[in-house]
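There is one chain below, alone, in structure tokens, taken in the form predicted on its own.
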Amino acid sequence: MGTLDGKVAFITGAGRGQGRAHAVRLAEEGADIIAVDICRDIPSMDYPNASNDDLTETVKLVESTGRRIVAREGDVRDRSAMETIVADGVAAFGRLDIVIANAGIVRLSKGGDDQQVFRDIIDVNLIGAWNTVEAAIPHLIEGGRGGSIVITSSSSGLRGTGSDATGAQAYTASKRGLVGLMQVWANLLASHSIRVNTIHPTGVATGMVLNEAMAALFAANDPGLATMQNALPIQMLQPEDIANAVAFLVSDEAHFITGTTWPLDAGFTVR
């Protein structure tokens, strides 16, 4: 028996990286999955997003665990799309217990339209998380079984570092803003036994980090990246590291944990 047998999880950014790792890990624990990913690029960003083929691979991996999955293409910036996707998943599985607002973007290189870069990062990371959670809350409350909401912030959401790159500024602002939203929701939903927490990973080996634009910054010894160092001798975490922690956080074993900012950061924030 898994720790999440019979439960249903809604996960954004599930096409690859942390989102895919969450989907597979929670499925291994017995959860059925409602998965969404934009599956197209955002022009202001300097790296490619997940593709439809990536989301299809997530479906195969979840189904290989024996669990069910409803997967849809969708943009977290579109509230009505999030509401429709959640409703479709609940109609298929009959309930909703877990929400992982994971979709996010970043641009650390310079160039492009600064105002568009800033706006897109805020829209995806902050407004997108708001759309995701607000679309899910009515279903969690209606279920009457409590629930768990996990919002993917970042180590940057706890400790900002100096940068004149617009994307880095927007990223830090958006990830810090998620903490405020989390605290509001944690207070609002506590009477329904719905827990809300943020997680704050350091660098994770995903498409957001492992791409040509980021490699060029590392090769150039970008001063902004030089400040992003972990205390432990771990250069980068794996998506499964984050998913393992989240599997605990959404389980009944963590039934008393809400309103927290959990650093999953190899000691980044203590440096």
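The structure displayed is predicted, hence computed values, not measured ones. Note that residue numbering follows the sequence shown and begins at 1.
One more form of this protein should be noted, the form predicted together with a small molecule, which is absent from this view; the next part is about it.
Using a 4.5 Å heavy atom cutoff, N49, G74 and T152 all lie near the small molecule in the predicted complex. Of the stretches 74-82, 91-99, 139-147, 159-167, only 74-82 has residues with a heavy atom within 4.5 Å of the small molecule in the predicted complex. Taking the partner from elsewhere, R16 is found to have a heavy atom lying within 4.5 Å of the small molecule in the predicted complex. Taking the partner from the other structure, the small molecule in the predicted complex has a heavy atom within 4.5 Å of a heavy atom of V209. Heavy atoms of I38 reach within 4.5 Å of the small molecule in the predicted complex, making it an interface residue.
Taking the partner from elsewhere, V86 is found to have every heavy atom lying beyond 4.5 Å of the small molecule in the predicted complex. Among V117, V133, M182, V124, the residue placing a heavy atom within 4.5 Å of the small molecule in the predicted complex is V124.
A heavy atom within 4.5 Å of the small molecule in the predicted complex is found for exactly one of A245, V204, V59, L217: V204.
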